[in-house]
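Before any questions on how it binds or moves, here is one chain, the form predicted on its own, in C-alpha cells.
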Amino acid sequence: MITALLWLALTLLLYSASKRIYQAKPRVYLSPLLVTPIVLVALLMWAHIPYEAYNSGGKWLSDMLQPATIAFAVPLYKYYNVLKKHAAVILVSVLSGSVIAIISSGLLAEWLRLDHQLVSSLIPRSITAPIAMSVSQAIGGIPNVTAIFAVLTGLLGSIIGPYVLKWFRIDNEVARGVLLGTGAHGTGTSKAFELSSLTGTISSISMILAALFTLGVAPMLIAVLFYG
C-alpha cells in the first residue's frame, strides 16, 4: 500500500513539475503529457522496477479517466446552442474521421505483417484509452497493447495537430475541435482547451462521438474488410 502511494505521489509530482516548466516555456517538446511518461519510463528502467509494481499506484490515475470524462458535460451544457447549430457537420466529420482511422490502422497493421491479434489491438488506437481497450477485447485484440497505441496516438496527435492547424490555416473553432478530438482523443482535447474553451468543448464531444462510433462500427467494419 505504501509503495503504491509513493508511485502515485511521484507521478503527480513529475506531472506538476513538468506542467510548471511548460507554462513558463510553452514548447511542444516540454508538454507534461510527453515529459512525464518519458521520465517515468526512464526511471523504471534505470531502477529495474517492473511495470506491475509501478501500476499498483499508477492504476488509480487510470481509473479516474472514466469519471473525469463525465466532467465534459459542463462545457457541453455551456455551448449547447453552438453544438446544436453545427451538429450535422460535427457528426459527419467525426464519423468520416473514425472510419478512416479504423481502415488506415488496419492497413498499416497488415502492411507491417502483424498477426490478427495485433491488428485488432492497433485498430482502436484513435479513441480514448478506456473505450479503446473495450473495443480491442471485443474484436480479439490485447487491451494493454491497445492502451499503449492509444496513448502514443494521443501524444503524437497533440504534438502534430497544432502544426496542421497552422499549416492549413484552420482558424475555425469547430474545425479545430473536431480535428483534435477525433484525431488525438483526450490528449488532443487537453490541447484544444489551451486554444479556447469552445475549441475544447467541440473536441470533447468529437472524442466521445468517435469512441461511440468506433465501438459500434469497428467490429463490423473489421470483419468485412480484414477478416472477411
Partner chain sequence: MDKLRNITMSAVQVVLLFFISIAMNWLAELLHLPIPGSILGIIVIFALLKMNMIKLTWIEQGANLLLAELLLFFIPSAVGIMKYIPLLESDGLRILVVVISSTFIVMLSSGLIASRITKRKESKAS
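Numbering follows the first chain given and starts at 1. The term rigid core refers to the most C-alpha atoms you can superpose between the two forms while keeping them within 1.5 Å. No experiment lies behind these values; they were computed from the predicted model shown.
One more form of this protein exists, namely the form predicted together with its partner chain; it is left out here, but the text below deals with it.
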Problem - its partner chain contact in the model of the complex: residue 116, any heavy atom under 4.5 Å - result: no
Handout entry: Proximity of residue 199 to its partner chain in the model of the complex, heavy atoms at 4.5 Å
Key = no
Handout entry: Interface membership of residue 26, its partner chain in the model of the complex, 4.5 Å heavy atom rule
Key = no
Exercise for the section: Answer yes if any heavy atom of residue 21 is within 4.5 Å of a heavy atom of its partner chain in the model of the complex; otherwise answer no. Expected result: no
Fill in the blank from the handout: Within 102-121, the residues having any heavy atom within 4.5 Å of its partner chain in the model of the complex are 104, 105, 108, 109, 112, 113, 114, 118
Problem - C-alpha of residue 172 moved at least 2 Å between the shown form and the other one on rigid core - result: yes
